[in-house]
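This document starts with two versions of one protein chain, written out as C-alpha cells and named structure 1 and structure 2.
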Structure 1
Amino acid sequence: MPLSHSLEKNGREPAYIRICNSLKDRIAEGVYVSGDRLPSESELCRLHKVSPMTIRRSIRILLDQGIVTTVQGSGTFVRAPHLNQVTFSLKEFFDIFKDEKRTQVKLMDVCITKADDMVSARLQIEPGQRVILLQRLILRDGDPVIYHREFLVYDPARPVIEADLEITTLYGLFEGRGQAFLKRGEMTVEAMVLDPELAGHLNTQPLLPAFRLEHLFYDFDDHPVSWGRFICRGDVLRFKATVGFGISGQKENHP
C-alpha cells in the first residue's frame, strides 16, 4: 500500500498540505530520523517552488502535531515519537449522557448540608458552610450504570441550582448552546472495586471492577462550584487511544 499523495485528490490538494504530507512520509519512511535537521525553509522553497509563507505553513502543521521542533537561528529537527502524549478520550463517557433515547437520569436525593473538611477544601469554602448535595443515577436501557454524587456551592444569587437540577443538564452544561456558567474542569480517573453499598445503587454485585471519575468544575471567576464523583460500572466503559505518527492524510482541522 504505497503512499503517494501527489496523484491522489486530483491535484486540487493545496500545496501546503502536499508538502506537509511529503515531509511526513519521508519521516515515516526513515529518510529523516529522530534528531535530523530538515532542509531549511529557503531550501524547501526552491525544492517545491513555492513562497516562504507556504513552507512555513507546512512546517507549522508538523510543529503543532509534535513531529518536529524548530530552533530559531538553527533549524527544524525531527522529534522522537512521544508516547507520553498519549491521551484517552472521554467521548464514550459523555456519549452516555448524549443518547437520550437509551439514557435516563434519576435524581435520588437533593439536600442542603454543611461542608465537611474534604468538601470545603475542594470547593475552597469555609468548613460548615452550606452546600448542595446531589445524588443521581444514570440508567441505560433501564439499568443503572453510573452513580453520581456531587457537591455544589450554595449561592442564592446564582441561578445554578435550577439549571443543574435539570436531569439532562449534566451534559448540556458544557455542550449546550448559549452561555454556560462553567469555564473549565479537572477530572481524575481511578480504578476501584464496588463495595456493597455502591453495588446496591448500581443494582449489581459487589467486588466488580469500576471507574471512579472525580471532577472539579470551576466558574468563569475561577471559583470551584462543583465537586463530586462518578462511579461507573467497569463493564460499560472503556477508554481508547491511538499513539504514534500518522503517515499522512487528514487535514489538521477540527471538523
Structure 2
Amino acid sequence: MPLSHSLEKNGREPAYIRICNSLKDRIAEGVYVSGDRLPSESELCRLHKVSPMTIRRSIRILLDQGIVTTVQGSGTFVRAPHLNQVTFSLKEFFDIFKDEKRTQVKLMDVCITKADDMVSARLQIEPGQRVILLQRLILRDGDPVIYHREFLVYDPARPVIEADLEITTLYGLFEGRGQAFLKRGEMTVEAMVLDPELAGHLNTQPLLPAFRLEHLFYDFDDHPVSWGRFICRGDVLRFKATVGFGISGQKENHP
C-alpha cells in the first residue's frame, strides 16, 4: 500500500500526526526494519507535500518514543527494540489495595519482639534490639490472597497507631500519600512455592506457586524503618511486562 494512501484515511488529523502514524505502520509491517534508513526529510516533504517543519515534528515523536534514531549527516534509522530491557508493572498488586469495597485487612498479630540476624541486617540495627512485628492477611471478597509480615524499628516516641494497621494506609503508602515519616522504598519480586504454614494462611494447598514481594522503607534520614514481605498467591497476581517500544496497534493522538 502506498504511503500516501494510508494518510488519506485520516484526513482530519494534523499532517504531522498522520505522517508519524503512517511511518509507524510501515515499520510494524516490516517495510522498514531495524537498521533501515527512513526517507530523507526532503523526500518526505515532496511525497506528502508538507513543510520541513511538519516532517520534523513527525520524526521528533518517533525519536521521543525510541522507535528511531538519528545519525548526523546520515539520516534517520529504525532502532532495534531493546528486548533485554523489560519493565514489569505492579498495577494488579496495587489495584488489590485500591479497591476498598472488595478488599479487607485482617490483623493476625502485632507484638514487640527481638530482631534476629536477618531482621537486624535489613533494618541496620543490633541483633536483639526490639522491633514491632505485624502480620496481616489481605482478603479479596473474603478470600485470603496476600499474607503480609512486616518488622518496624521500635521507637517509643512513635507508637504504633490504629492507622498503621489498616489497608488504607498500605495503599496510601504505595500512592505516595500518608506515612509522612517515610522518604523512599525498595521492592524486589521473587517466585516461590508455598510452604504448609503459608498455604494455611492463604487457605490453599502447599507447593502452589506464589510471589514474594520484599519491601524496605526508609525515613528522611535514609535509615531503614520497615522491612517485610508480601506473599501473594500465584493464581491471583499476574505481572505484565512491556518489551521493546510497543509500536504495534498504537497510534499517536492529537492532544
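Predicted, not measured: the structure shown is a model, and the values here were computed from it. Basically, rigid core = biggest C-alpha set you can superpose within 1.5 Å across the two forms. Residue numbering: sequential along structure 1, first residue numbered 1.
Between the two isolated copies of the chain, the first is the form predicted in complex with the DNA.
Residue displacement note: Gly75 has its CA displaced by at least 2 Å between the two structures (rigid core superposed).
Comparing the forms between the two structures on their rigid core, the Cα displacement of Ser226 stays under 2 Å. In this core superposition, Gln65 moves its Cα by 4.9 Å between the two structures.
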